[in-house]
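What follows is one chain in structure tokens, specifically the form predicted on its own.
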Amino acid sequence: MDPAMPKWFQNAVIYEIYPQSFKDSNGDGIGDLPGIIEKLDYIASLGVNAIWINPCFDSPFFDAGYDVRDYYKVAERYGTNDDLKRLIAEAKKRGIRILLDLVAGHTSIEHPWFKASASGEKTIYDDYFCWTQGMRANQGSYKFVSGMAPRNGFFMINFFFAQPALNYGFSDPDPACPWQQSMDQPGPRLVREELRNIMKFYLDMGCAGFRVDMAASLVKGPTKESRQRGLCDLWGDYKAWMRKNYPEAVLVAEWSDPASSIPAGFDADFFLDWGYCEPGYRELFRFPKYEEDEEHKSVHSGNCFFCKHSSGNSRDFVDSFQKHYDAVKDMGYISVVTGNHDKFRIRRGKSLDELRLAYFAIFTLPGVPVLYMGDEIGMRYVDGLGNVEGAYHRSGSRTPMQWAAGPKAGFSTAAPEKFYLPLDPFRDRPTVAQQEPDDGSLLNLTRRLIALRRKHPALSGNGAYRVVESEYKDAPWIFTRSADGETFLIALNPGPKACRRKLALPETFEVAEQEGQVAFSTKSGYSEMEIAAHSGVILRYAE
């Protein structure tokens, strides 16, 4: 592993908070930073050592805060900059670090930089964004918006029309598009320095680093290889600067291609089936029967690997994960997530029981796992909520945290119709209060798995990883993690049939965690393990 990798991150578990839905402290129906502070003891009880907060900066909220109007100001609905400082300080007292969501690739159309750039008058911000030269210019293959500004030209967008792309330059400018600037031209250099200033502002405040939104989008280019050269230059420069000046800070990419993002300068990247990652995550954790995957515009029949009546497999994930793991294991970490604010909740199409074995995998794989708020109690995806602040189908994964029973679920004192999003409407919606006293609850299982991971170096980000068995059909998924003379064997059989396997186990071992029925017998130097349907086990033994 990179010797400069911060020690705390080598054993990290991250908790993602969508702030407007976590806890409302002032009764306006929207979660806020004081609400997060109020719940820090609960977050600490999960065993995590970092919190990733989705964008909390000033914004018109066309895209839920991913359209930034002022990078240096906390949005009023969340509190103040002083509230953020207090959150960082209070979290630190509990051994928790705060990662902020850095929207680096674009701003809001209401940002002063863009307003000046779009004015049609000569300003220092003219080249902060990507503009064509005139209305008839060759636009190439990029997405542009026209007719919204006095300036004579089209402006490039990064996602929605209200998110103009910042100009970090093109790795190989196209001569047929003379508006494309190289990375070393004045405009891109100024934008690059602006981002460094933003990062410095929050690192000086005590922030422990950033999750970078759309991290692969900043440098443009005609091919992946071309863009990669430019991205390595950009992010490698930022990483070197952070290592020198803020050695405990980290960069986490939303790139979904660890084999590219981590050599480019990131400390971790999410393993999800978008961006450049191959399929695998979906086969393992998503796609209940006939679920429409709106991110990929297709309908997938069958169930994921962790459904009891699975028609999915673990092999697609294992093969893809292995490729990325081999590429980055000495440089940084893969982050497997329970979910996030952009994905259908992991609970969708599954029972609470089915989630348990899925969490066995997520919290024992190498890297830095991420727990999305509410997944620790198995919150459901809520259908039919429509478009709220640009969420569309994602609204169903962004509903208020369910703290307690009752019509307001302990989220807010406001009337429910004033909530940022409606609550899960079903009477049996899971709550923290319900699961707290139940040792067998998903909440307490999650705590035990995180505690096990944090306690044993073999299960940390750096522990060695080896696949023992993973096939496409009717077979368990078995892998080991090892470090410091200790090994954990994780055997998972979520499917409908029992299976029996011979394993080279020592005479003595400890069952660290078990779901369902698992039996062992030892004969002439090997052990035979029978795993019942819908069962799994985590074994610990000395090498």
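Quick caveat: nothing in here was measured; it's all calculated off a predicted structure. Quick note: we count residues from 1 along the sequence shown, nothing fancier.
The discussion below concerns the form predicted together with a small molecule, not included here.
- Only one of H111, H324, R286, H106 comes within 4.5 Å of the small molecule in the predicted bound form through a heavy atom, and that residue is H106.
- Residue M214 is the only one of M214, L452, C177, L421 with a heavy atom lying within 4.5 Å of the small molecule in the predicted bound form.
- A residue is said to contact a partner when one of its heavy atoms sits within 4.5 Å of a partner heavy atom; Y66 meets this definition for the small molecule in the predicted bound form.
- Although the partner is absent here, D316 sits far enough away that none of its heavy atoms falls within 4.5 Å of the small molecule in the predicted bound form.
- Contact check for F159: a non-hydrogen atom falls within 4.5 Å of the small molecule in the predicted bound form.
- Using a 4.5 angstroms threshold between heavy atoms, T446 stays clear of the small molecule in the predicted bound form.
- None of 25 to 33, 475 to 483, 488 to 496, 58 to 66 except one has non-hydrogen atoms within 4.5 angstroms of the small molecule in the predicted bound form; the exception is 58 to 66.
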